[in-house]
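Two forms, one chain: they're shown below as structure tokens, one block per form, named structure 1 and structure 2.
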Structure 1
Amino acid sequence: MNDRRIHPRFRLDRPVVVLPVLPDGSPDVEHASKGATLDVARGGLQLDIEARAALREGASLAVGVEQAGGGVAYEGVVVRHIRQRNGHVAFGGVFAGDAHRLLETGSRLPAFSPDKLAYDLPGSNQVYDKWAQAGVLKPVLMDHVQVCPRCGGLPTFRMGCRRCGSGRLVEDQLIHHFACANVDLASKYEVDGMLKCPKCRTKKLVVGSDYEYLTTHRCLACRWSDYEPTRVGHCLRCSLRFAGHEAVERELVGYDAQRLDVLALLPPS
């Protein structure tokens, strides 16, 4: 069925930019053309452009239409018919194709991939970058995430041993005896139900005035002792253990686009 019969077309004369889409989905900036719209419908539009690009039926394009308030709004079009006219090319197309999918809301946001155990965009980052360089897309910072320094996978973080990264830590309680500066395990002070300093033999120690407690941690995996556990990352993808500060902070970048609102171009019915 012909589009003309489904959606009535309305005359519209606006400057446009046409970017052909290459087979890998990136814009063909070298063959960008300028022109003007002839008419527009809900499902497609008809254009008159400079004949720079060798258009063919079925080709995918990104069409940017200059907005009344400034700026250019884009939509993806697949060419349906072409007419040559005095060095210009008039063609009609429907809103579809690679560029149309690219500009769809939600398709340009990074999302967590359960298969890769990492945040990723739905397509190739290089393609998004080229669209951004062409001015169709605009990179927008969505979030920051900390990822594995080796594979970029998503890690978990917890307090663990600084040497081996294990979370199998137990606490040791120490006593610091003020009078003789002795620092030893609390268990070594416990003699016959009271506290007695193993260094200076002072008995009946009173917490606060004679001693204070200090807490240290001992790793059951590697027997390393440390005063306090450190933040350790464990990559869910490659199982690498690394110090928390070694995690790579990555920006999650989405791409924003000013998409052509066709309904706004049409007169109210």
Structure 2
Amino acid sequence: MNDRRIHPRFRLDRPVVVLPVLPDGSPDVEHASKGATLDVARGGLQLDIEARAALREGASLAVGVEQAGGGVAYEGVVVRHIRQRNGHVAFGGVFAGDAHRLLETGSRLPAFSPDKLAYDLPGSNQVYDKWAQAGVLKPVLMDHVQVCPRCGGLPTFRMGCRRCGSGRLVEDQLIHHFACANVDLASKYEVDGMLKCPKCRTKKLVVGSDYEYLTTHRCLACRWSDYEPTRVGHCLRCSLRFAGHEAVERELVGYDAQRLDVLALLPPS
């Protein structure tokens, strides 16, 4: 191993579990092996495990090392040399490969993808689920978001027309004349500098005692008019317009890992 010459190695005897990594990046649980560490360095470690599966140089593994305080912490290793002995396999590896990249940040969190116009993880959800089932990752609920009911893309929301979903609404001010119950546009009450009911012709109306102001919303797209608009969603991905209550609530789930701290395994310098 290259790190043998670069970093000093220290004897270490800890129980381990070794999971081969399949070509799609998921764990090969069927061929998991148990064993023990032999020694450790900053750049890698050597292990002795049961020979349950044929290893090859360059193979990517996830290695779980039992911690002194309990629990198992994982790191990704690429095999550099192999030695068979008495039904066991002794091998050395460096911290690298698919599992190392999966675990190196300690967590994988969903983020907004400008390309997909949706919240997503940096990788396959199915692969993360398999690592969680293997006990390497732990799913963590991060948030809830509302998404498009058709494609799952991220929508924007606005108050819009109940009939056609358009957000092109304008407000009209109305006057309600108490005496004759007439309701009409305020502009139709304005005559010669005073307010006059266009229905019963009463003049010089006084606000509060003779009438009240009302506000209505008028759609410029379909001419619908009503007192209350509704919440309307518009999907940024597929452009679907839908009533706000039709949005689908989605859980945003991230994954945490108990990542192996190699420095904690080394003796104090």
Partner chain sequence: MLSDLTYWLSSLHPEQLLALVSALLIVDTPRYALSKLAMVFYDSVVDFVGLLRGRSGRNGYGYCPTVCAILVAHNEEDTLDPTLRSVLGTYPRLEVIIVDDGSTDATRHIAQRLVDEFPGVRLLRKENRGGKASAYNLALRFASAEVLVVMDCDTEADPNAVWEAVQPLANPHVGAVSAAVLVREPMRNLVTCLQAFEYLHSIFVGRLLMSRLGVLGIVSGAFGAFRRDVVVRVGGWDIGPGDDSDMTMRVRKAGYQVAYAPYAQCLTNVPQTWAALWKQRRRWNRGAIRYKCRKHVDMAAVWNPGFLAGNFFLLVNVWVFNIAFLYTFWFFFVWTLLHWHAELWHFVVASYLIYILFHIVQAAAILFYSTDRGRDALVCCVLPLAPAYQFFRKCVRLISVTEEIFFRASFDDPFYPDHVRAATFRW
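Treat the numbers as computed from the prediction; the structure is a model and nothing was measured. Whichever C-alpha set is largest while still superposing within 1.5 Å between the two forms counts as the rigid core. Structure 1's sequence is the ruler for residue numbers, which start at 1.
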| query | finding |
| --- | --- |
| Selected structure - the one that is the form predicted on its own | 2 |
| Rigid core superposed: residue 199 CA moves 2 Å or more between structure 1 and structure 2 | yes |
| Yes/no, residue 225 Cα shift of 2 Å or more between structure 1 and structure 2 with rigid core fixed | yes |
| Turn angle in ° for the smaller rigid piece between structure 1 and structure 2 | 11 |
| Rigid-core-superposed Cα shift at residue 170 between structure 1 and structure 2, Å | 2.7 |
